[in-house]
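Just one chain is shown here, as structure tokens, and it is the form predicted alone.
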Amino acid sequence: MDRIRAPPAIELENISKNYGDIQALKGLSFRLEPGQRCALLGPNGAGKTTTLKILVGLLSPDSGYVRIGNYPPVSEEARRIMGYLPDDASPYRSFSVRENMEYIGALRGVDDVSEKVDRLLDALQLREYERAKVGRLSRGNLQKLAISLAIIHEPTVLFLDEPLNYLDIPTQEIVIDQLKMLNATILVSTHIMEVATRLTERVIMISHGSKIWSGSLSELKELGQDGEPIEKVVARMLTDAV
């Protein structure tokens, strides 16, 4: 008997999005299978954040087809399995760190919320700030809190927009370790090649709203000439796409 194949975890087909006269996305298509970890790589203004907002249902495309685990992004089924770290995360500023985590955990239907919050407070080194109001946090601690809110329900599909922003090097390592422990399909939006290499195995490269290349990191490295660093390979490809 043939095994039934699981639907793609993330699927976009011919997505277009305009902001007035500006065409942010131009027929963008890609899919990720369950468990894949991929970087959405491109320069500032390439359309990365717009793509993520369409995937999580915050924006509607002008045309095209979007599915998360075979469900529309705005459906309850899709929202239940998704986690999202935006580039401008804004936890409830009048709440404490712990109150934010407990509130979002409860909304997400997390069992044993208090126990899960305790684990994340320790894992992300936020314990000393658990009673602090969000408005008093440093930008780095605010980022760690936002990451905890994105993963507290252990999503199976996770979208991250520049997840290592504002974090010092030791904290980056802590966050990378936590993200690698997740059993999830992960799409990371970034313009920094090192973030892609640390968190993912595949790359979808976009420029001016269009996909210009996709494949594994090892395939991308093979495009280099005479030991050319991968950053130079990417820079050359993005420059040629202009």
Ligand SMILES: Nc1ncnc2c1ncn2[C@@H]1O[C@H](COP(=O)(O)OP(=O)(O)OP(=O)(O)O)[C@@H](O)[C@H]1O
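In this text, residue numbers run from 1 along the sequence as written. Quick caveat: nothing in here was measured; it's all calculated off a predicted structure.
The following text describes the form predicted in complex with the named molecule, which does not appear among the structures shown.
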Worksheet item: Out of the stretches listed (211-219, 195-203, 36-44, 177-185), which one is close to the named molecule in the predicted bound form, meaning heavy atoms within 4.5 Å?
Response: 36-44
Worksheet item: Looking at 26, 31, 191, 67, which has any heavy atom no more than 4.5 Å from the named molecule in the predicted bound form?
Response: 191
Discussion item. Given that the named molecule is not shown alongside this chain, does residue 22 nevertheless sit within 4.5 Å of it in the predicted bound form, heavy atom to heavy atom?
Written reply: yes
Worksheet item: For 47-67: residues with a non-hydrogen atom within 4.5 angstroms of the named molecule in the predicted bound form?
Response: 47, 48, 49, 50
